[in-house]
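Only one chain is included here, represented as structure tokens and corresponding to the form predicted alone.
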């Protein structure tokens, strides 16, 4: 069974969320996490069978942080996962490894599983430095963490050039980077972590992706907002 994580970003309005929940209510959801917009978290917790995650979390705890959502607040609602370090946060909000370390630390303190995103840009792939980039992103955060907490973290390998483009790496490329991440953490910290693949995962490529045994699941964007498509992906990951 592979973990399926849906990052719904800000694609859906309230009526569309309610329709999505209704249309997916018969699906087997024990291995599926939906990360909706903050304003819809309660709807998923109250009306769906999905595990529920957040798309982001504050670096800080409860207090004077206008517009932020703290790990303590997410925990109090029943949220069990949170994405950290998505490429859109890195580029649009200029978030840094220091911030990702703080976010992951806050999540772990509040019994929420971090899903930490790493990945290279197209020009970095073309320069054949994917592993250098991904390794740096991992180590800048993991070097500061308590090794006893590392195995609670899920890493999502999301090549930036693949997100929303319909283009994905070959299976061999995904295997190569996934094994590199797992081996890096095993060799450097003596720990094992789950690694997801993300980037244009959809119903047309899920069978091909499922041929990769070393990948522990998927982080899905746009396809996670389409009930029929998500149900198909879910059926392939049971």
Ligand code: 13P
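Residue numbers count along the first chain shown, from 1. Predicted, not measured: the structure shown is a model, and the values here were computed from it.
There is another form of the same protein, the form predicted in complex with this ligand; it is not shown, and what comes next is about it.
Visitor: Have a look at 54, 201, 185, 51 for me and say which one sits with a heavy atom within 4.5 Å of this ligand in the model of the complex.
Guide: Comparing distances to this ligand in the model of the complex, the residue within 4.5 Å is 201.
Visitor: Heavy atom within 4.5 Å of this ligand in the model of the complex: which of 95, 88, 72, 124?
Guide: Contact with this ligand in the model of the complex is made by 88 alone.
Visitor: Does residue 219 make contact with this ligand in the model of the complex, using a 4.5 Å heavy atom cut-off?
Guide: Close contact exists here: in the model of the complex, residue 219 approaches this ligand to within 4.5 Å, heavy atoms only.
Visitor: Although the partner isn't part of this model, could you tell me whether residue 78 comes within 4.5 Å of this ligand in the model of the complex, counting any heavy atom of the residue?
Guide: Although this ligand is absent here, residue 78 would stay clear of it in the model of the complex, with no heavy atoms inside 4.5 Å.
Visitor: Test of understanding: in the model of the complex, would residue 158 fall inside 4.5 Å of this ligand by heavy atoms?
Guide: Close contact exists here: in the model of the complex, residue 158 approaches this ligand to within 4.5 Å, heavy atoms only.
Visitor: Answer yes if any heavy atom of residue 163 is within 4.5 Å of a heavy atom of this ligand in the model of the complex; otherwise answer no.
Guide: Yes, residue 163 lies within 4.5 Å of this ligand in the model of the complex.
Visitor: Among 144 to 152, 105 to 113, 130 to 138, 163 to 171, which stretch sits within 4.5 Å of this ligand in the model of the complex, heavy atoms only?
Guide: Of the options given, it is 163 to 171.
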